[in-house]
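Heads up, the chain shows up twice below as structure tokens, two forms, tagged structure 1 and structure 2.
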Structure 1
Amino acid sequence: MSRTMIDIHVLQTVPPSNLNRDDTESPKTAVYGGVRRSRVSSQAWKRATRVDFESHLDSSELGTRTKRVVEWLAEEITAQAPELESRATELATETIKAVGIEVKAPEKETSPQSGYLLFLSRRQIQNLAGAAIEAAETDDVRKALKEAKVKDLADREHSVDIALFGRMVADQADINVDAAAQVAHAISVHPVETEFDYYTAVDDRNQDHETGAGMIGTVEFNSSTLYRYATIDVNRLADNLGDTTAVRRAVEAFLESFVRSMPSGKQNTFANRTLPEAVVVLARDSQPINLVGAFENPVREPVHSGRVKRAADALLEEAQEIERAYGEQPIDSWVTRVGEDTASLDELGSNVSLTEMVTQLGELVGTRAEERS
């Protein structure tokens, strides 16, 4: 069976910033190759990617995470069958229970809620509403719902974000969804030390001679060139979405949003919004390959431009070495990059703009998903 894996490699420089901090307000770090690196957790960048989806995908393609699932389903039942309005809440409650989710009525609310957040797609709610309406015509609603296999309806036609990032339902594990995308923690290609910015704030209304500071404090930060890596298993995505067109849209949206997004941590303090110097996309048919080994030996170069050049060269070398040693040849590859420092990466694929990259990757994924189905 043919497989398709999409490896996304990104080199991105950020100025002084604190994208992702720990409980002591320090930027997150990790040791790699024996030296301390700046780190941005995978969760932080996945969240930024998901938030960015809203500008590329219609809300109907995105999931909704809510406890008010009964209320939502009742609305959908009423929309599909207005004559059932008076029974909508009761039908919705029975349907959600039939999926295997416990619901209970909170004190002040009118509709019962699930005990925890449920992540469902619009299509799933529509399908559940359809089943509920059909069941409403029979004498035994519970039995009819059971026969309609509503649990399967909650486990098909997932939204794009659930298909990519997965879903976990604690007490109904068989409707969990295994994520089709994997995002690594971003780490800097070079050693970093956390720096401290000492600041004072002046009290504008204090006109006395000895004004002093109204407030003092420190903000921690670092600046770095990050290596970011993510991979999408297209076959898994197709299993989760069950629709070839949706697979293509999901891959396109993920590439676009993963490349363009930035975690929002301390954004207003540092205005650290940048775009990557280089994006390399390698489509493979055997296994995904993370090229972080290129930076196990840290890039050591004080001048900023030298750092990106060395990082690009190291990335190229690692990709070529792995190809040479293990015969791992991509089926197709693209490079989007900025400036002369990243010129060497053109050896890894055709140099295109991000828009073209997204379109061409979408075409490849679409064709291969068609062939498989």
Structure 2
Amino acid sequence: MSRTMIDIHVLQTVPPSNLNRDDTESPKTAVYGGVRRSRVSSQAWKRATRVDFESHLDSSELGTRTKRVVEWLAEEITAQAPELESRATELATETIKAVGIEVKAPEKETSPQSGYLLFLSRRQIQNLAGAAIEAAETDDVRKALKEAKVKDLADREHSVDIALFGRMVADQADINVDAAAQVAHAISVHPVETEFDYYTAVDDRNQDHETGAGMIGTVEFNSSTLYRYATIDVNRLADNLGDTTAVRRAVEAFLESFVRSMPSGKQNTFANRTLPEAVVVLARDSQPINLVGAFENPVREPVHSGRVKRAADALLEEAQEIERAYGEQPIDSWVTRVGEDTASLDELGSNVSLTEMVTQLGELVGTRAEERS
């Protein structure tokens, strides 16, 4: 099959909030088009998407990113072979070392840890545990683990999230996984100014004659209409997963979770959870195309309407101009939207519900993945 790229474009308005803050607790921002915009980092939304996967995928299809990989593997060894519980940590340590990962002696922790976060799938941990159990029956555990080629066990049967978001292993670059999904930093389609909420808290046990606050503080926030973008290289995803059914499930889960998820920063303070005003999915066979250029000239809301209509119109115009100038025609497209302000986007694809969008995209991806296999 030719290439299959899935571009996901989202317009989403959030009220006063601090979704993603920097080291000074301020909402993250970026200058684009000569003005300061609200920004939510790609890492924040990828994390939110991964967490939301738990609502759509079985835990066996997901991975874990942790420094406590020895502890995790020791638990799996014990689960598979309870008689090895007393040796589980030792066997897990030797197995991780045999993969080529450096582990550090425990300090406050009860088990050695890797020097950095290591991303492994549930199946990979199970397979490594199986190799460790077999090695435990030999006189030379290290030799047995080497002969079992445990590094190979850590480099196949990737989970959906590893296949989508990739994996970097500093000690062993040959088991890195190239990400099939790319996520852009979300930015507001308009200029923003950071504001401050001054708050006080009263001590509930104060007496009537006692005045003043028990605590005083400030919280920074802004509100914005965000343009969010992500793309999936279906060919690379197929290479990472090696199974057409898994590829379809991964794409469907990613679309659903990317659209519905939201970073949890200051959620209890602002109750800012919203759903997008518009989602546009364009399936391409050439290259991914980020349409952020639609907002290089910042949206200025008119007196009698908000930003969403102008943002939707600008997105439509940018997509059509890209198609005209470069001959970039999507192989299929869908639009899920709310309200009349986004009606112009129907020109970009079939107007469907999110459920229908997920299903129809999955069918397209499944068909093209089978043609490739």
Partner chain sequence: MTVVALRLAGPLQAWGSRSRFVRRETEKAPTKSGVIGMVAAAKGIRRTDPLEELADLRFGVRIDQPGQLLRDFQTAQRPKKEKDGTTSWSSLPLSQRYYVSDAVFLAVLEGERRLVEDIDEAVRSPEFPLYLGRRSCPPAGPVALGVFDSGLEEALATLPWMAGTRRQQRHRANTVRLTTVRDAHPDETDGELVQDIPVSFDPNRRQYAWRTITRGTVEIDNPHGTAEKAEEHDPMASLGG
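Numbering runs along the sequence of structure 1, starting at 1. So that the term is clear: the rigid core is the largest set of C-alpha atoms that superpose within 1.5 Å between two forms. Please read all numbers here as calculations on a predicted model, not as lab measurements.
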Of structures 1 and 2, select the one representing the form predicted on its own.
2
Quick check: Leu282 between structure 1 and structure 2 - does its CA shift reach 2 Å or more after fitting the rigid core?
no
Answer yes if the Cα of Ser333 shifts by 2 angstroms or more between structure 1 and structure 2 on a rigid-core superposition, and no otherwise.
no
If we fit on the core, is the Cα of Arg273 displaced 2 Å or more between structure 1 and structure 2?
no
Distance the CA of Arg65 travels between structure 1 and structure 2 [rigid core superposed, Å]
3.0
Cα shift between structure 1 and structure 2 at Ile133, which is computed once both forms share a superposed rigid core (Å):
7.2
Using a rigid core fit, what is the CA shift at Pro82 between structure 1 and structure 2, in angstrom?
8.7
